[in-house]
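One chain is shown next in structure tokens, namely the form predicted on its own.
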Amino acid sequence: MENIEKQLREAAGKLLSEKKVDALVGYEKGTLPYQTAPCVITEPGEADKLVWNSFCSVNLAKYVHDIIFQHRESQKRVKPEDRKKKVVGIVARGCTTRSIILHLQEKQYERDEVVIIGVPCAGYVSNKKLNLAAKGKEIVECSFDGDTLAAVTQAGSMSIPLKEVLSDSCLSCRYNNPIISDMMIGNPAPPMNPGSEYVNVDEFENLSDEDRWKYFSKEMAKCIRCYACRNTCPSCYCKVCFVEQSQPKWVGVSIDESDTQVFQIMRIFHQVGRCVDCGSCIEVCPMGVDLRKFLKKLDKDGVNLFEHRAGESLDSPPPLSAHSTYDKEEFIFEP
């Protein structure tokens, strides 16, 4: 990891010093010993703050999109002949590059507006799993020792196998190495266990309609409408979200049960063919709502019905934005 960090800082500093990017999005140390935070650097000297480890969780593609769009808004006040593109660099693992591919397919920005530094990923630590392993005790120190996480809590020291605290999204990841990049740092990461990605979905599908709805209702009852899932999702980039529109008004802003369910149902279905299973929405949810099960169900349907995985290739657009004469049709006529 240290070698990757060193190479990453050198690459980022070079890109900024040679003016190949105007800003670069990466990770820096967080305020807690087991967290990192997204950061944006604009000067070569700031590259030393970049880190890369198994605490880097948030999908950074969201920041690239927002930086470019904020720049475009500011350029509207500039004469057309003086307008300039803003090129953004990004530290990107597999799921991040899948989100970038989706942005490019959906014409959010051009390929020459983003420079991708690809990094191998062995998975990131789930804060919720780590806190459970620490039995709720405050973690004051945290470090990695090979495949083991060494933590010091108020109750003493403990060693935790890294796989026990990795995000579920990482454990079954198919694309833990970048799909596209302008430069690669480090050696490819070993494959994870993609064969297990639909186990929970299969179990859920076998429930009766009544039990599935009961489970959905139970999970959505936890939601406090903080919109953390929406705000961190790299595929949620509408200028005005449907929940905040007043003409027409799609859904109320209260935490009324039906309003919350409608919000989550509509947001989940916005992810059809677009969710890259980065796990960011799960990671930031303060209430532990099980969003992934429903998103993976849509992902499974995309594979089975359209042979499509989100962000797998620039040449494979989301199924709802493309038509193929080879699409399966049997399900259309099912009741």
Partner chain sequence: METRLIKKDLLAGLIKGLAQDTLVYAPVQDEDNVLFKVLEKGMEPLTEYDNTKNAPKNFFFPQQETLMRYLKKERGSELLGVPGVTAEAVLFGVRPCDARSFVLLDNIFDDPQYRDPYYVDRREKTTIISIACTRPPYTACFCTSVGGHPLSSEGVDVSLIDLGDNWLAEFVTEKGEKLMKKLGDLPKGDEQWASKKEALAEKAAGAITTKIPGKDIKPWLDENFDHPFWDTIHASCLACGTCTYLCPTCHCFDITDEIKKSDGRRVRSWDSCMYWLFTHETSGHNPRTSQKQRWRQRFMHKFKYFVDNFDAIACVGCGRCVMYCPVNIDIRKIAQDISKL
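Numbering follows the first chain given and starts at 1. Predicted, not measured: the structure shown is a model, and the values here were computed from it.
The form predicted in complex with its partner chain is left out here; the points below concern that form.
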**Fill in**
Residue within 4.5 Å of its partner chain in the predicted complex by heavy atom, from 207, 132, 78, 199, is 132
**Contacting member of 272, 305, 266, 40, with respect to its partner chain in the predicted complex [4.5 Å, heavy atom]** = 40
**Request:** Determine which one of 190-198, 84-92, 177-185, 252-260 lies within 4.5 Å of its partner chain in the predicted complex, judging by heavy atom distances; exactly one does.
**Result:** 252-260
**Message:** Residue-level contact is defined here as any heavy atom of the residue lying within 4.5 Å of its partner chain in the predicted complex; does residue 150 satisfy this criterion?
**Reply:** no
**Asked** Heavy atom to heavy atom, is residue 163 within 4.5 Å of its partner chain in the predicted complex?
**Response** no
**Request:** Indicate whether residue 71 is a 4.5 Å heavy atom neighbour of its partner chain in the predicted complex.
**Result:** no
**Asked** Quick one: is residue 227 in contact with its partner chain in the predicted complex, heavy atoms, 4.5 Å cut-off?
**Response** yes
**Message:** Please tell me whether the candidate spot formed by 35, 136 and 284 is one where all three residues come within 4.5 Å of its partner chain in the predicted complex (heavy atoms).
**Reply:** yes
**Request:** May I ask you to list the residues of 150-175 that have any heavy atom within 4.5 angstroms of its partner chain in the predicted complex, in sequence order?
**Result:** 154
